[in-house]
Each structure stands twice: as structure tokens, then as C-alpha cells.
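What follows are C-alpha cells for two forms of the same protein chain, given separately as structure 1 and structure 2.
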Structure 1
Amino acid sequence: MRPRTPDEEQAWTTMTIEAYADTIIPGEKRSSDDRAIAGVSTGGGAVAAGAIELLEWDATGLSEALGPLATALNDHTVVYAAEHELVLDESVPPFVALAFEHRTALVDRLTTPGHPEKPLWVSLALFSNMAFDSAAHMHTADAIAAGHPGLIAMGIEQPDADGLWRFPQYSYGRPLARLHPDTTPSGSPA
């Protein structure tokens, strides 16, 4: 097999990282031939939410590490596949070739307490999750306006026109419990 060109190498890395992010918060396939996204969930997941855009931003501290992380993940996959006697499709990165339940099992192994590389894989998971739950690569108001799949799925409210949130209705407005009998006049525990 000929060596991959730099562009192919980049695509290989991106597919691998996409597959990892999709294991954290899965989504639906972008097209019928989408391999990176396993397609086990309806609606957008971490990838559609912008995990790659976020991770490729140097503010995260992971952008320079994505290539080595993808290589390491694929190396771990080869070992995992051998253990489980899985035959991997060689036309895609090894981790991408795994079925979703095997991707999940491998991510679980890499992020388990005691794994020597745990901090790296947790960081990758943290930003993958963050892409979905907070769109940390975009201004939040813009992300909601653009229909960001994570923020919309979570039901985050629209801000006011000035981009700030205010909730004039916020309270049931009535006593709902007895106070602790030992509360001091300053409102503290005795």
C-alpha cells in the first residue's frame, strides 16, 4: 500500500476524531456513505455540533495533538480488534472500521481510571461533549440562532434581543416547605 499523501493523512485524522466524538455524543449519518458517524442516534451529535471545529481551534490546547491522538487511537484499535478477533475494513481508519459498541468499549477502556493515557482521552471527550452542550467554538446566541443541534436538543431558551438572558417569570411564589427549626435570625444553620 502506498503511503498516504498529506491531504489523505489529514482526512484520516479527521475521520478518526469524528468517530471518537460520535462515540461520546452520537448523531445521525450525514449521508448514506458516512463512515465516521456510526448513525446510532437520530438528530445531530457531537460532530454535527462542531466537535472538529472546536478541537481544531488552538484555544483548546488539543489542535496540535489531533494527528498523534488519531494515530494512537488507531493503534489501540488494532490491538483491541486482535483481542476480539475482529477483521477491520482497511479502506477506513481502524477506529472508524469498528462497530459502535466496539468503539464504545474501547473509549471506555481508554478513559478508565488507571489507564496511563486517560487524561488525553478524557480531554478529547470533554471537548467533544462541550461542542454539543455549549457550542464552545461559537457565540452562544449565534449558535442558537443557527439551530445548533446540541443547544436546540437540550432546549436552551433564546436570549433577549440584546443577547442577554432574563427570566421575568422564575418562581412558584409561595412557601413550599417548613424551615429547619434551628435556623438562626441571620438565616443560617445554628
Structure 2
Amino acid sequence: MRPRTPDEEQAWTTMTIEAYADTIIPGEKRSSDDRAIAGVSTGGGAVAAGAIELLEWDATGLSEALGPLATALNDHTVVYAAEHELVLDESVPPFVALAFEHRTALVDRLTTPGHPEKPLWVSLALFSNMAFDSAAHMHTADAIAAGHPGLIAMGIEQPDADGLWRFPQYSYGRPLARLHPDTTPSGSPA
């Protein structure tokens, strides 16, 4: 096999990290030839929610480590595949070549208490969740306007026309406590 170009290496890394994020919060394939997304769920998962964009953001502290993490994940995959006598398609990264049930089994192994690399794999999983649960890499109003799958799944409403959220009705359908008599009209304590 010939060495990969830097662009091919980046694509290999992205596919591997996408497949990991999709294992954490599965989504549907982006197209029929999508190999990174296993397609075991309907709607958008972690990848559609922006897991790669969040992980590539310098603020995560993981952006420079994505290449080495992808390499390590693929190395673990080769060992896992040999243990389970699996033949991997060499046209895609090893982790991407795994069937979803094997992806989840390997991620379970890597995130199990006692695994020496557990903190790395748990961090990657947490950021995958964060992309879906909070769209941390985007302004919330922009994420909702763009149809962010995680925020939609959680039922986050559109802001008012001025970009602010107001809740004319309490989320539980009733006040949770009586207002203190000294509370100001703005809601601040007196």
C-alpha cells in the first residue's frame, strides 16, 4: 500500500473520528456511500450535530491530538479484528471498516474502567455528546436556525424574533415556588 498524501491522511483521520462520534450518538448516513456513519439510527447523530467541528476547535484542547487519536483507534481496531478473526476492508480506515456492533464493542473496551487510555476515549466521547446535546461550537440561536439535530431532539424552542427566549408559560405548567415579596419586577431580589 502506498503512503497517503497529507490530504488523504486528513480524510482518513476525519472518517475515523466521525465513525467514533457516530458510535457514541448514531445517526443516519449522509449518502448511500457514507462509510463513516453506520446508519443504525434515523435523524442526525453526533456527526450531523457538528462533532468534528467541535473537536477541531482549538478550545477543546483535542484538535492537535485528533490525528494521533485516529491512529491509535485504528491500531486498536487491527488488534480487535485479529482477535475476532475479522477481515477489514483496506480501502477505509480500520475502525470505519468495522460493523457497528464491533465498533460499539471496541469503544466499550476502550472506555472500561482500568483501560490505560480510558481518559482519552472518554474525552472523545464527551465531546461527541457535547456537540449533540449543546452545540457548544455554535451560538444556540444559529444552531436552532440551522436545524441542529440534538437541540431539536431535546425540544429547544426557537427564540423570539429579537433573538431572545421568553417563556410565557412555566416549563412544568405551573410556578415551582411563590415569588418572594421583595422580588423586583425584573426578577432580582430586593
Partner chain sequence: MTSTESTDVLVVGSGFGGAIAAYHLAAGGARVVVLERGPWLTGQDFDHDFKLGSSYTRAFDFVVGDGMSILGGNCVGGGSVVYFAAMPRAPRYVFERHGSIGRRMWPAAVSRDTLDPWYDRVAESIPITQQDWNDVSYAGGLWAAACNHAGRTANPVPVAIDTTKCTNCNWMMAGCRFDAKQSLLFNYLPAAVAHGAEVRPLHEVQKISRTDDGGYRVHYDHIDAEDYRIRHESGTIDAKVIVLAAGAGATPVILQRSEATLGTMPRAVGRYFSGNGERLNTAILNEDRVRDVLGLERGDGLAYEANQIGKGPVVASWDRLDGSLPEYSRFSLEQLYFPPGLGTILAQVPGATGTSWFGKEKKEILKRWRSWLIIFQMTEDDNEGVFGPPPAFGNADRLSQQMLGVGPLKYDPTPNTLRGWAEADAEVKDILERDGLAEVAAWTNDVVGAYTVHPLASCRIGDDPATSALDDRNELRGHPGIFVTDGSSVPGALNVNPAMTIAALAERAVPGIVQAAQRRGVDVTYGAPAPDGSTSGRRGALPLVPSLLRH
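Sequence positions of structure 1, starting at 1, serve as the residue numbers. If you're wondering where the values come from, they're calculated on a predicted model, not measured in any experiment. We call the rigid core the largest set of C-alpha positions that still match within 1.5 Å between the two forms.
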| Do you reckon the form predicted together with the partner chain is 1 or 2? | 1
| Relative to the superposed core, what is the Cα shift for residue 180 between the two structures, in Å? | 21.4
